[in-house]
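Single chain ahead, by itself, as structure tokens, in the form predicted alone.
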Amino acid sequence: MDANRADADRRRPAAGAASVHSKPTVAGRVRLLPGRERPLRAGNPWLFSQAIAAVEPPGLAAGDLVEVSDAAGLLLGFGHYNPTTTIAVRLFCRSGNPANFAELVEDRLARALAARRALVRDDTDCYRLVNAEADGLAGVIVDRYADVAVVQFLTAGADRMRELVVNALTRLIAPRAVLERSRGAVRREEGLDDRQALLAGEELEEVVVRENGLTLCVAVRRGQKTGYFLDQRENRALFAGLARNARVLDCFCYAGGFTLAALAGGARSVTAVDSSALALSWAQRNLALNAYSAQAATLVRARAERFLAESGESFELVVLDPPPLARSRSARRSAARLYTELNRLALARLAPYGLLMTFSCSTHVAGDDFVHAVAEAQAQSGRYARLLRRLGPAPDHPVLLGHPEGQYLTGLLLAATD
């Protein structure tokens, strides 16, 4: 990271500045059934409702802090409880008493920041600063876009930490603005309404950032997720290295991240497809920010599957990066069929010996299930491919080793063999 960023990260309030302390009371106790503590001991921070023997006292509210013990009464940790969800407890700490949440939150944010300093390239100033459970803050997402932080509080327990997180961010990175964009299926399951608000700093709609040396304008208020798909940063860098002299197709191009990477890598031509006119306008703007002409890439407004089915062109390099196709467990089978169909169509568009980079970001579709769907696409297409690499998110999106449920992004780099 550059010196200016490091200096900004080290800024702290002047001596005597007010600090926020929160000493929540442990509201109750959750005792497990015999043998059901094994996932927790293996590092999984989620406790499912069917593992619980008793909750004391009855009537605890969503987000209450509880003590968790095994069947023999041995303390396992403290976490936030929700009586209405399948994930009944999300552990916050495994030992001691969380007597001062403010200090714990700030310490975990500081540790997360230190890790990102080591993981993120100097030519990049946008990254995930906090990735929920993997950074010890279950339900909390913090994405940093230069001097702007966009936060999500996705669970009832995380929702109670809003002020603590904002105050810690203010002390650690002194952001120009902290925006909240808390929404989606998890919040609804937790009994929470969607919430979008300015939590600190100035009102803004967009922020200009750098990723892998490229300049991007991110719509932090209106864009997907928190504004951009930060998890694909290293996959975009890999894509750039594959694009030299290639005819490239970027399906579900959104704001043009893979398109820009291909152009920077020396692609012969790039066709970028998205069904959203707004996304294509952002892609066009990002091309201009990097001094590419309006003709540098062909931007097509269309559904990707329709374009793939109707286009007669062939491409040496194709990327498929669709939005989640399974937003619930019940949608897994239909999503698998859609992944198969998309990849069948994409394989048909590959030139001989072409490369396909394909992704699933559906939490409810396991990585191996996605691989099976793509293998089925190969069988249906009559094309054959080699697996060159299995891909995942950039390392600023870590996952706890004992928490496979935290894995969501699966990618494959395939090479056609004919």
Ligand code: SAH
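Note that residue numbering follows the sequence shown and begins at 1. Bear in mind that the values here come from a model prediction, so they are computed numbers and not experimental data.
Another form, the form predicted together with the ligand, is not on view; read the next lines as being about it.
Only one of Ser281, Ser314, Thr86, Gln224 lies close to the ligand in the predicted bound form, with a heavy atom inside 4.5 Å, and it is Gln224. Of the candidates Arg181, Arg90, Arg344, Arg236, Arg236 is the one whose heavy atoms come within 4.5 Å of the ligand in the predicted bound form; the others do not.
Only one listed stretch (298-306, 262-270, 106-114, 73-81) carries heavy atoms within 4.5 Å of the ligand in the predicted bound form, and that stretch is 298-306.
At least one heavy atom of Cys253 is located within 4.5 Å of the ligand in the predicted bound form. With a 4.5 Å cutoff on heavy atoms, Ser275 counts as touching the ligand in the predicted bound form. The shortest heavy atom separation between Glu133 and the ligand in the predicted bound form exceeds 4.5 Å.
Heavy atoms of Pro323 reach within 4.5 Å of the ligand in the predicted bound form, making it an interface residue.
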